[in-house]
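Just one chain follows, in the form predicted on its own, and it is written as structure tokens.
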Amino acid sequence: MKLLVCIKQVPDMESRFKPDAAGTWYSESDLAWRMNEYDEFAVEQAVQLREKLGEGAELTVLSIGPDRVVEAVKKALAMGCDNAVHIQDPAAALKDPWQIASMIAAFAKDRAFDLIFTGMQSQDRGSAQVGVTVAEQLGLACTTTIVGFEYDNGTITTKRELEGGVKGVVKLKTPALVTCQLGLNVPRYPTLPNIMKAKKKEIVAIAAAELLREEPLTTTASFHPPAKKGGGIVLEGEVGSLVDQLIGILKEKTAVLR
């Protein structure tokens, strides 16, 4: 059985973001990078299935981006992926979800993957479009936002997270694609021996130009922080005076006491 898991490297969400010089995305200077959190659940589920299937299965991890994404790929290899593909694209951040999905689909098209795992969405762009678009382009059955997964003899049974805490159960026949949500599993920490083994695993590099044939369908017009709002007011003094001040402020600045 051939498995593929797609991952993205994103900035740590604790980073301080600022627009780049063009004002269309964030500046990459002074950022710490990590594997997209949703993709960690996808990798863990793919590795669990790989372990269940044994020697008859092969798990490939794929990532698109500049040279730095190799660090995220190495983590996926250390978690248990067998081999890796790096689609080299220094300008990946400028590609829209349609183009990213098109590159993944172009790679996967003739490789007969039985099951593809992706994260539900990326933490930086958050479009939640890439996984489902890959499935559409490849003509695969697809289910999204899964929080439960079982595989048995070519049939996948997934539990989906819906609105209001409601869960839905979906069954699919392979080949198929699933997008993974928080709560699906607990991603493992790579052990030192597995980190050392990962260094010997193959990472195939492919230039983005070899796979990308599509023009963007959307463009980012502007990337900017939210407008600053007025600061708070600190009142000091005796309780009676504070009450009078507060009532005055409420009358002047709000409609609460009008």
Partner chain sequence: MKALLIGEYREGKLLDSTYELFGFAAQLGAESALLLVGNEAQLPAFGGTLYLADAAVCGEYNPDLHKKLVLEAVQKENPDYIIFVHSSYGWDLAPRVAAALKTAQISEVTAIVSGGFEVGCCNAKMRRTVKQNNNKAVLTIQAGAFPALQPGGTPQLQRLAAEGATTLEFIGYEPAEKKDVDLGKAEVIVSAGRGVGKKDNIPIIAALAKTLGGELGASRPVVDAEWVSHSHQVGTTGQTVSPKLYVACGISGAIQHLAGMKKSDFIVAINKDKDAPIGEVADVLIVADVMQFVPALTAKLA
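Rigid core (definition): largest C-alpha set, two forms, superposition within 1.5 Å. Small disclaimer: the values here were computed from a predicted structure and weren't measured. Residue numbers count along the first chain shown, from 1.
Same protein, other form: the form predicted in complex with the partner chain, not shown, and the subject of what follows.
Checking 150, 136, 71, 82 against the partner chain in the model of the complex, a heavy atom within 4.5 Å turns up for just one residue: 136. Shown without its partner, this chain lists 32, 192, 217, 207 as candidates; in the model of the complex, only 217 has a non-hydrogen atom within 4.5 angstroms of the partner chain. In plain terms, the part of the chain that comes close to the partner chain in the model of the complex, with a heavy atom within 4.5 Å, is 166 to 174 out of 71 to 79, 110 to 118, 166 to 174, 84 to 92.
In the model of the complex, residue 183 approaches the partner chain with a heavy atom inside 4.5 Å.
Contact annotation: residue 22 falls outside 4.5 Å of the partner chain in the model of the complex, judged by heavy atom distances. With a 4.5 Å cutoff on heavy atoms, residue 105 does not count as touching the partner chain in the model of the complex; it lies far away. Remark: residue 56 does not count among the residues lining the partner chain in the model of the complex, judged by a heavy atom distance of 4.5 Å or less. Contacts with the partner chain in the model of the complex, taken as any heavy atom within 4.5 Å, map within 78 to 99 to 98 alone. Core-superposed comparison between the shown form and the other one: the Cα of residue 238 travels 2 Å or more. Residue displacement note: residue 13 has its CA displaced by under 2 Å between the shown form and the other one (rigid core superposed). Once both forms are fitted on their core, the CA shift for residue 23 between the shown form and the other one remains under 2 Å.
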